[in-house]
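A single chain comes next, written as structure tokens; it is the form predicted on its own.
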């Protein structure tokens, strides 16, 4: 069986949650089925310019086929279309223009998907909101699976995505909150779907002392790992931590790992290490007292799972339903909605080592039950097996057509932000699932069951 992974960018050295997620899934599925990646020539997620050559490449032993982006993204044009679609009554044509403006607009990739649909048994698309996923799924919905990587932002309220969520063959959700959000906005409960997430490539023996010696870090520290961006809550993190450092008797420092598009505050207890190797990253997380995740918008947060895999507690932004739900279900993290809660939780984790260690152990157990690679791989393979049986039985669903030319241009579509505001919110508490079969045939815990939203 041959499966195509279709994603906006791909490379061994690319940061970005969805792109790393796609690469991890690709490399692990390649152990069981033949896999090829279909992607663009872009490296930069802001401009989508063609930095890599078109044609066939090999990344970590995986065949990668790259297609050029027809035009770079104009950030001002995209901002104008986003304002129109998110904040005003608009038309379906406006939404299609917004998708084209967001990009990466690779007509050659979509053309290849149509022409080569018979060369692959199934196509696994990553990231619902981009050009390649929207047009690719409409072209070959009968063989398409979607990993939506949806966050609670206005894009989820764009109306043209409803038929995609209802028309795709199956969805591989990152979290119970993501599934509940997509089902609420699209009514796609009839579409096969499973909460699966992604495993981690944490090394077998992270070395805390090696990290401290290499970077000259002494004393306790909290760590943030990821893109240092206002959209990730980093400006608020800087403000909160500086208040904490100034007002609380503490030796705790804040260590930052990742590329930054913000000015890093000049503070004696804030240190930015920039981009580091995976070995250094995992050593750093293992050495940290706590990982802080300040983001308001996540579909999963791979770094939180990595912290739990390494037995470290997490302090998470409770305004993000996914982070709040994961923290509650795992009993492996504390959370905050404002500075006072941030300070109280961080002080507790810093001073009560017994509590912090217990939360870390809970996180490690939660990761093994739900996100170890045998569990993740089995869920993908089980879903593919299910779709193969459906194909043999016939009756595969189609996808809803776009409205007529005139209807498409009527300005009757609600602002996407208004749609989002009406959706239910809150963490999902999932019941204890039945044991699931691992690849070796032994029982293992599986995340699943009926989850209630906002209860």
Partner chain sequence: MPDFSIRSDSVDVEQIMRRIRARIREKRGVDYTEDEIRELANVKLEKFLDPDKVRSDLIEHYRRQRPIPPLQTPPAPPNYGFEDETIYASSRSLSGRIIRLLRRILHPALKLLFNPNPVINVLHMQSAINAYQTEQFDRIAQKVGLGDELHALHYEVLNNLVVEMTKLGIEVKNLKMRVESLSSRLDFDERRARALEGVVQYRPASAVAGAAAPAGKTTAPAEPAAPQAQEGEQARRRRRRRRGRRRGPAPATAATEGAADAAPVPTGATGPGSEPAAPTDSSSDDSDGPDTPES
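What you see is a predicted model; the values in this text were computed from it and never measured. Numbering follows the first chain given and starts at 1.
Below, we turn to the form predicted together with its partner chain, even though it does not appear here.
- Annotated contact segment (heavy atom within 4.5 Å of its partner chain in the predicted complex): 355-363, selected among 73-81, 355-363, 187-195, 174-182.
- Its partner chain in the predicted complex comes within 4.5 Å of no heavy atom belonging to residue 205.
- Though the partner is left out of this view, residue 121 does not reach within 4.5 Å of its partner chain in the predicted complex, counting heavy atoms only.
- Put simply, residue 327 is close to its partner chain in the predicted complex: some heavy atom of it is within 4.5 Å.
- Using a 4.5 angstroms limit between non-hydrogen atoms, residue 345 touches its partner chain in the predicted complex.
- Only one of 272, 267, 251, 210 comes within 4.5 Å of its partner chain in the predicted complex through a heavy atom, and that residue is 251.
- Note on contacts: among 238, 221, 380, 335, the single residue with a heavy atom within 4.5 Å of its partner chain in the predicted complex is 335.
- Residues 331, 341 and 351 are all found to lie within 4.5 Å of its partner chain in the predicted complex, as judged by heavy atom distances.
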